[in-house]
Structures are given as structure tokens and as C-alpha cells.
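A single chain comes next, written as C-alpha cells; it is the form predicted alone.
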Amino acid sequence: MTEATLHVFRGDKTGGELRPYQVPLTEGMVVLDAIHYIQQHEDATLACRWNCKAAKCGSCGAEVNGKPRLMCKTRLDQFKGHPVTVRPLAAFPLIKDLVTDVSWNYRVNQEIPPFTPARDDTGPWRMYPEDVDRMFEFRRCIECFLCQDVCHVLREHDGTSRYYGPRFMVRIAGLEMHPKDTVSRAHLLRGRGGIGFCNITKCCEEVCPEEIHITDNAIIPLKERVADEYFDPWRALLRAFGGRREPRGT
């Protein structure tokens, strides 16, 4: 029987190492299958996070051969018999083995003003199909946080105090571009959201399992909104004379 060699990180925040495991290959086997085999047959103490095994819960994110991936969606046969290295997501504090503490993301989510329609707008709501399609793309996010892991601001510069990361640019875009939302989040994007730290390398798009166009459809339009709000000379004149403001656009 053909076997795959996996080098899996074992350890916690105090330190650790890569340990080799030999796993028998079966047709269609994915990395998560191999991790489960190791747990069942070699070492039950190996810790990993998973839930649906259908690429919809976002729980089983890890770095496979250096790239953030969902283990349940990464087939072993694509590596053509070469050794496979599995490490935890590097942008978040390590708990144990392949499990990291992603709670910071949920704290960020609580800082974002929720969907807020006009008080007197009781419906029925009618929206153009293109508006629905645009918002539906952002709703596809499964919160695997692979985009957060690959973002250089969060991963290499410890930027969690300065930048929300691409996942929450998607979250804010879904709210800002809703034609029935009435709240402007430009101040949040410019401030704690730190959208100016993104230099649009599109690395987040490359790892998104839902193929959301994070940079083109979320981050760049949000950057434009912030620029319009704070750096547009015409709007500055409106604010300077009489405090007039243009109505919030969609």
C-alpha cells in the first residue's frame, strides 16, 4: 500500500517540533483524513480543530507546505508522493499542535456597527439584482481566517492593534454596500480598522476557499470611500461652510 509522509507540528506556546508520520493512502484522501488516521492509530493526543469536513465551517485551517489551506479540501495526491508539512496558522497565538487562538477575530467583529436600516423604513424592501449579487459574494465567507493568516500586516508585523484584516474588510463591505444600510463606517476604517495598512497584494484572495474577490470588490472600494470622506476637497468645503454633508451613497 502506498504511504504518505506527513511532518506535523507538535507542541504549544513554549515550543515544539515537526514529527514524521507514515499514513497509508486511499483514493481521494485529504490532509484532514491523514490527521484523523494519526489520531486513531498513532497518537491520540494530536490536537486539531475541525467540524464539517465539507469546506463550509472553516474550522480546519492550517499551513500545508507553507500555504494556508483548509485541511479537508487539500488532497494528498496533489503532492505526488513528496513529504507534506502541516503547521498551525502562524498569525494567531498557538494553543497546542494545530490549534490556535482565533478569539481576537470575534472581538473585532463586535466593534463593527451592525446593519442599521432607517427607522421609518418598514418595507417591503426592493433591491436591484446586482446589489443582491454583490452582497451575496461577501456573505459566502466561512470565517476560516486563512486570509487573516496570510495578511502580512497581521502575520509579520503583529498588526492586530492597527488593522482588522481582510476578513473584516469583507464584513464591513457587506454592510456598507447594502442599499438599505444607513451607517457610515468610514471613521472606523480609517481609525481602528486601519484600512490604509493594506497594500493590495491580493495574497488574501489567493487563499480564500470561497474565491471571494477580497481586494477588488471589498478593500479597494472601501479605500475609495475613505478617500472620498476625508480627502475629497469638495466635501471638505461643504463641511467647512455650514457643516453641510452629502447624503450617504450606496
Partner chain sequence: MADWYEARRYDVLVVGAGGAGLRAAIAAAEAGVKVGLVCKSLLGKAHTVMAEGGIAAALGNVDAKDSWEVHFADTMRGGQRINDYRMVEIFAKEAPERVYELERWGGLFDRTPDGKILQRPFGAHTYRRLCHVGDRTGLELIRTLQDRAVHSGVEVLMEVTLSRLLKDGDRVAGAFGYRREDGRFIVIGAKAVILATGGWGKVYKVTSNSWECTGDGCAMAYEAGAELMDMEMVQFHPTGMVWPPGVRGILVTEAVRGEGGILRNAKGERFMQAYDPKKLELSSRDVVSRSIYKEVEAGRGSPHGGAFLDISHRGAEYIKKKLPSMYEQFLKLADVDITKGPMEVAPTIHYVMGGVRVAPGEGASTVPGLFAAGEVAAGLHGANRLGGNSLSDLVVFGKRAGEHAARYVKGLDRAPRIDDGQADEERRLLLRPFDSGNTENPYELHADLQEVMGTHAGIARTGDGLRAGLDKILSLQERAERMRAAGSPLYNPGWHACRDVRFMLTLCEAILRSAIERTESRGAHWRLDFPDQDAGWGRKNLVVRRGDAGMTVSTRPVPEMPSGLARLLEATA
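Residue numbers count along the first chain shown, from 1. Predicted, not measured: the structure shown is a model, and the values here were computed from it.
The next section is about a form of this same protein that is not shown, the form predicted together with the partner chain.
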So in the model of the complex, is the partner chain close enough to residue 30 to count as touching (4.5 Å, heavy atoms)? yes
| query | residue 161 near the partner chain in the model of the complex, any heavy atom under 4.5 Å? | reply | no
Check whether residue 48 has any heavy atom within 4.5 Å of a heavy atom of the partner chain in the model of the complex, and answer yes or no.
yes
*Although the partner chain is absent from this view, report whether residue 58 comes within 4.5 Å of it in the model of the complex, heavy atoms only.*
yes
>> Is the partner chain in the model of the complex close enough to 52, 125 and 142 that every residue in that trio has a heavy atom within 4.5 angstroms of it?
In response: yes
Looking in the model of the complex, the residues of 103-131 with a heavy atom no more than 4.5 Å from the partner chain, listed in order, are 106, 109, 110, 112, 114, 115, 117, 122, 124, 125, 126, 127, 128, 129
